[in-house]
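As a starting point, one isolated chain is supplied in structure tokens, in the form predicted on its own.
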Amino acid sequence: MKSVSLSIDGKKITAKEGTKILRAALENDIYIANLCAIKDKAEPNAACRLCFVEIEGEEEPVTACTREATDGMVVNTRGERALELARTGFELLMASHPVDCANCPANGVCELQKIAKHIGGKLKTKRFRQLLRELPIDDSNPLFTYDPNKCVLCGRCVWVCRQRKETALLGFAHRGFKRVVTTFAGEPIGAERCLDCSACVEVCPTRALAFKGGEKGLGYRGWVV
């Protein structure tokens, strides 16, 4: 397959033709904030709106997960317009996310903390009114708990669950502010077919899905492989 050469933040890299900018960057150790990126998914979710970058010669920032890298492209991940869009998207997300890092099992390994530091965003925003959902925590599974209030709707758990086609359990329900990750018919996540797998916990960036007993989980850093 043909390769293309491009520059990201001054670093010259090569990528296979058709590769998205986000993938090209992450595979070359250039971090771009993201929550919904899934390496093996054919089409990006493009849901989190955090991976904005600027491309030389173009007026408006673009999402790195949807734009293909092309030969000679010059990409700036630290442009102020791109970062401002990412900060706005991040603060809107955090306006409905409970922030209690000191008592959260994800503290220190949370993707939200990493993103806030990288883009100069705030975990507790004063720009937008806080709207918390206060949904019940599902403690029915003997291996892990599910706190939908910490869920950022990245879709990673849904995707990895559906790779187990015979036992897939998770999916999205409802729309807008009421949108949640849930099970078919709203069954408890401790249903019998979900007792031998914890892949969803391993890919959760916020510990909305968290092992019982303090296990770390989180076998990746911002990129499902």
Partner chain sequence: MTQTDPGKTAEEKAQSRQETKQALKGFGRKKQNLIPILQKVQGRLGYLPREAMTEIAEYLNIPDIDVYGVVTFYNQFRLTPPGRHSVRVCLGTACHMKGGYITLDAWKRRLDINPGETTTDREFDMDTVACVGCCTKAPVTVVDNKPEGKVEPTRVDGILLAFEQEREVKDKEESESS
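Computed from a predicted structure; not experimentally measured. Residue numbers count along the first chain shown, from 1.
The same protein also exists as the form predicted in complex with its partner chain; that form is not shown, yet it is the one meant from here on.
One stretch from 166 to 174, 58 to 66, 23 to 31, 37 to 45 that, in the predicted complex, holds residues within 4.5 Å of its partner chain by heavy atom: Checking each option against the 4.5 Å cut-off leaves 166 to 174.
All of 100, 117 and 127 with a heavy atom within 4.5 Å of its partner chain in the predicted complex: Per the other structure, none of 100, 117 and 127 touch its partner chain.
Those residues of 46 to 70 which, in the predicted complex, come within 4.5 Å of its partner chain by heavy atom: Residues within 4.5 Å: none.
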